[in-house]
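Next up: just one chain, as structure tokens, the form predicted on its own.
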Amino acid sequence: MTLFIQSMQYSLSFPSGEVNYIFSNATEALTAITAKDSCILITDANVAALYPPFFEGYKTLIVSAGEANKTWESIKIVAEKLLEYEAHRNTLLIGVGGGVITDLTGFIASTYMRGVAFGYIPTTLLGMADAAIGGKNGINLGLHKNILGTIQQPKFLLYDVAFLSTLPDEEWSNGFAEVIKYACLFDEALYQELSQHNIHFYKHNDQDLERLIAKCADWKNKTVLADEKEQNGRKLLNFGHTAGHAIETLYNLPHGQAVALGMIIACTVSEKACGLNSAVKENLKALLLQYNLPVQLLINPGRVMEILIMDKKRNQDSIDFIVLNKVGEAEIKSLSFDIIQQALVSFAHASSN
């Protein structure tokens, strides 16, 4: 039975807290959730410039946009600004933006004064379908992505697809990388639906778009409810991310593009580790291209491997890697670094031809 219900609002209880999911006009809903003098909004310069009326009357903390700002330095700046704003333990922090903003907001809220309440208003497809959900809040340390972080649920997620009207084309593609990930992991019917459409279709059909976002959130919530601390099944959500994170960092790629490439590499690993039919990878390539995502990149396998071996899922001389048995069915396998190195070399070779 789906976790989603046919209403505009519902709640889910996780070990680290209850989350209220609200699908509504963001301005109206935020006014109903909290008073302007009891919260601080955290956003980036891009979102602040696009929606100035939304932030009117709120204390707003604006940070620089982009993954490069998800660092200790940014956390320090945010914390110092919170002190200037006299934020206290009853202050509600609200992240308004994409995955970088929700990560920063969740991290600082989980640690400021040993923890204050927070909520999210995701403004990107990637944030709505994946990044804002699940309670993971991380920052990067050098080349190592999300190596520092917490697991703490927001008090609410407020969804308003109207924010997507200003989303650049590249960010639509980035978001669909995560949507495709969920289809590969759990939902062959969703995979087939995506094969029949494209970004243009979803951009111009709000009802289908909302249903798509809800379906991805549903899959993530089911997975996190069963394993919030990522001891077992939640690791499945890292499909495409193990190699993808290393490539994202090393080649300064947008997250969705790196995940797309990571999924191709994961399919190559799956062919070697569990006999995945090679046709699955070729079909996935076609689907990724359909959503304007890359399937090739000239990489240095050795450099990618250097970063990958420091992944959080490492177990001494092996790593928990997500492989596909078929579309809609995945598993966690403890694999030697050798088999992943071979897959990286194979990917690099295919990309050079």
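Every value quoted in this text rests on a predicted model; they were computed, and no experiment measured them. Don't overthink the numbering: it's just position in the shown sequence, from 1.
Beyond what is shown, the protein has a form predicted together with ligand ADP; the following relates to that form.
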Worksheet entry | Residues Val47, Ala65 and Glu171 all lining ligand ADP in the predicted bound form, heavy atom within 4.5 Å | yes
Discussion item. By the heavy atom within 4.5 Å rule, which residue out of Cys267, Ile213, Ile139, Leu126 makes contact with ligand ADP in the predicted bound form?
Written reply: Leu126
Practice prompt. Taking 4.5 Å between heavy atoms as the contact cutoff, choose which of Phe163, Tyr202, Trp219, Phe239 touches ligand ADP in the predicted bound form.
Written response: Phe163
Worksheet item: Can Ile101 be called a contact residue for ligand ADP in the predicted bound form at 4.5 Å between heavy atoms?
Response: yes
Practice prompt. Could you confirm whether Tyr51 comes within 4.5 Å of ligand ADP in the predicted bound form, counting heavy atoms only?
Written response: yes
Worksheet item: Is there a heavy atom of Leu167 no more than 4.5 Å from a heavy atom of ligand ADP in the predicted bound form?
Response: yes
Item to complete: Determine which one of 279-287, 226-234, 116-124, 80-88 lies within 4.5 Å of ligand ADP in the predicted bound form, judging by heavy atom distances; exactly one does.
Response: 116-124
